[in-house]
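For reference, the chain that follows is the form predicted on its own, supplied as structure tokens.
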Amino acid sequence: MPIIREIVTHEPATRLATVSAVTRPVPCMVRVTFSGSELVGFPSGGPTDHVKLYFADPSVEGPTNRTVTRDYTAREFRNVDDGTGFGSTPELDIDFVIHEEDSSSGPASAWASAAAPGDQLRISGPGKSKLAPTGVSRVILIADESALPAVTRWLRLLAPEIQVTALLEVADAGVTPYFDAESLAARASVTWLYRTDRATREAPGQVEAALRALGPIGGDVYVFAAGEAGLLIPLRRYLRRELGLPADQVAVNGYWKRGDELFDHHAPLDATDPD
């Protein structure tokens, strides 16, 4: 049975949303909850759905209408009972990774660090939803902090009979409460990998070693990997070239790239080895 991920397209939409809550699920992340009537009907069907957020251009001093955009996975969309008995309030959660030890931060993390209820932000998309795959018995999820919202969506949207294996590389054990431990253990076999070099936030090779240790990957297994682009290249080479897995069985997505604030996640992960 072939592996298929159906694509559902959506009407283009840009929405003005209002911050209703700001929390810290773990020390390195800020969760901003948006609400507002323009979020009614927000599409949220695929595990990797993402939206564009519009921030004031940091290169312009003072108030400006110029904006820069950043793409984020919407962790969760829900309709909450408004208490009147006659309706509900739409809410959208977006998680931002904050590197507070850095001397500078990009416009998204800077905005999230200062966000407060009542702030507003324009959000566009998602333009399409790529649904969870059919024809699989197992899914392997590989992620760093930036992709934990996507992992949350995968766990929620995969059919319960599908086996899930997760390799999650994060800074330290302080990130593990991002998930409810009992619920996560009931849904997936999880290996937490911690980075040994706190200065560079890297532990080269440990994710690849953990992936190789899983053993053979059959034709009914789907692999999703996302995070820092440079560290994903050897994983993609292993999956696509060494194992020879076809493109419809593997999705490796660079969500960010160290030292490149303008990294385009739509660009080929490895320019020397495109699909």
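Everything quoted here is computed from the prediction, not taken from an experiment. Numbers follow the displayed sequence, beginning with 1.
Form predicted together with a small molecule: not shown, discussed below.
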{"query": "Partner-contacting position among Thr176, Ser146, Thr152, Thr191 - heavy atom within 4.5 Å of the small molecule in the model of the complex", "finding": "Ser146"}
{"query": "Proximity to the small molecule in the model of the complex, single hit among Leu131, Leu121, Ala108, Ala171 (heavy atom within 4.5 Å)", "finding": "Ala108"}
{"query": "Residue stretch of 232-240, 208-216, 33-41, 65-73 approaching the small molecule in the model of the complex, non-hydrogen atom distance within 4.5 Å", "finding": "65-73"}
{"query": "Pro12, heavy atom within 4.5 angstroms of the small molecule in the model of the complex", "finding": "no"}
{"query": "Contact label in the model of the complex: Arg24 to the small molecule, heavy atom within 4.5 Å", "finding": "no"}
{"query": "The small molecule contact at Ile142 in the model of the complex, heavy atom, 4.5 Å", "finding": "no"}
{"query": "Contact test in the model of the complex: Ala166 vs the small molecule, heavy atoms, 4.5 Å", "finding": "no"}
